[in-house]
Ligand code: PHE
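Heads up, the chain below is alone and in the form predicted on its own; it's given as structure tokens.
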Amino acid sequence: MDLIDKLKILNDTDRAILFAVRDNKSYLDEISEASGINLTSLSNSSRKLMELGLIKTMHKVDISYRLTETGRRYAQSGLPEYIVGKFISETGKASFNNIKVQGLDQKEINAALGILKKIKAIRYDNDAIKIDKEILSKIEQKSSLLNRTKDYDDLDQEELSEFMNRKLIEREEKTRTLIETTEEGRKAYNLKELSTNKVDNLTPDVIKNWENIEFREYQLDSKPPMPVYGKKHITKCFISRIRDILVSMGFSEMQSGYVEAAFWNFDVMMFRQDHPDRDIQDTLYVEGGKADIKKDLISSVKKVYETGFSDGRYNKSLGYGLRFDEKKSYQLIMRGHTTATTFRYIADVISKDKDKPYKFFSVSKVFRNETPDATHLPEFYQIEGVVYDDDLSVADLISYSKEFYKRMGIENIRFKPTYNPYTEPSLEIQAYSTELDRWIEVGNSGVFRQETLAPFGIKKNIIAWGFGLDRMLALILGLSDIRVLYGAFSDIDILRSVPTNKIFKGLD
């Protein structure tokens, strides 16, 4: 089809795009705002113009940061640690029992005291709490950061990461389409066929006066581009590769369902029953039904939770010293991590033959009440691994992790000490993303605390990890946003165009 024939089949929206980018590149949303044409119509026309070879498009991701609802509240009132610190400073006789601050609930007060204690801002003086006013001044300056800036791009990385981890600031990404004419598209501006007004839609007036109207031609012999054949989803291919690697490392696969009891997801792992991860803001609860759990197992976990345990050697725990509510154990949830599966296998397999070594893995979905962004999804895959043997240590944990990532083609990783309720010590695993230009978390790992194993009579160490499959796949494919792989946000061109062997490039 020559250029004139192409111009004959353009409608008003197609021409509006060409005229908008005549002298410069333009964003599709800016063209929509200037012309009054809705973005959907412009998107459809841009695809048509691109297939005709008259324009080319590029996608740009604009990243901004904004306050969450909690962040907006703290921007007005101040961070909880500042409010509590100010209360302690002003009263002079504060104790843990008499701190009551308007606007903060008890959880926020306890969290604030924990932060103040961690940064050594408070000390005890005859049962009264005293605060270091110099540190309090620094907290005040930090508190003002939430109310100081507009887009929060000027915060340093450490401050930004802290506020994001505390869910006071959230990252917002907006993908914009940039339009530019091709060489052939630029030639069109010199042809009268581009500016000729032609009618697209039939109306009563058009039908009455059809003799004086020039109608746009339709290209009836064109065919839309179609893929030659179907193929497996990239993720399915990736899962197959992961299974092959873990089986080659001597692991056997575990299986369990998506709907899980809160007991296996939280209680047996020694999550406090008032832990924030159990709130509906993070966990997806299933209405109706009740989990079937052995009462003697719940009793064993309850005893360790409330009063601790002692194995008669050097391992001893005092527990949480809090009341354990058995009713919460029977609640059904969409499992938040595949470690729930691991503890089922600890109960049903490992504890039955404690002298035998075991290595298990699973690759399955988990669910969390997350807001989708470049590195988070409410439904995602987790790679679970667990090793039970004699004399296991953190060194073994690091070695297994490094070996796995090496076989996956990812060697630029690092380990960072972190906190988990069920492992001690615990290590966060990070990999460097060149697309995002920052380190991102790709896994979590640790040595199971003896409190989690005591109900099963296990005295040996167990090491375990949970790797993020989707982030790992994005790193290998060079993607900056994991949303392009799934659902409404998926990019069908990427899913069709990426060769399966790219997933395995350099791995064999």
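In case it trips you up, residue 1 is the first one in the sequence shown, and so on. This structure is a prediction, so every number in the text was calculated from the model and none was measured.
Below, we turn to the form predicted together with phenylalanine (PHE), even though it does not appear here.
- Interface membership of residue 46, defined by any non-hydrogen atom within 4.5 Å of phenylalanine (PHE) in the model of the complex, is ruled out.
- Among heavy atoms of residue 445, some come within 4.5 Å of phenylalanine (PHE) in the model of the complex.
- Heavy atoms of residue 455 never reach within 4.5 Å of phenylalanine (PHE) in the model of the complex, leaving it off the interface.
- Residue 337 belongs to the set of residues with a heavy atom inside 4.5 Å of phenylalanine (PHE) in the model of the complex.
- Remark: of stretches 382-390, 79-87, 186-194, 120-128, the one touching phenylalanine (PHE) in the model of the complex is 382-390 (heavy atom within 4.5 Å).
- A heavy atom within 4.5 Å of phenylalanine (PHE) in the model of the complex is found for exactly one of 243, 368, 142, 344: 368.
- With the partner omitted from this view, the residue of 375, 423, 362, 283 that lies near phenylalanine (PHE) in the model of the complex is 423 [heavy atom within 4.5 Å].
- In the model of the complex, the residues of 460-484 lying within 4.5 Å of phenylalanine (PHE) by at least one heavy atom are, in order, 464, 465, 466.
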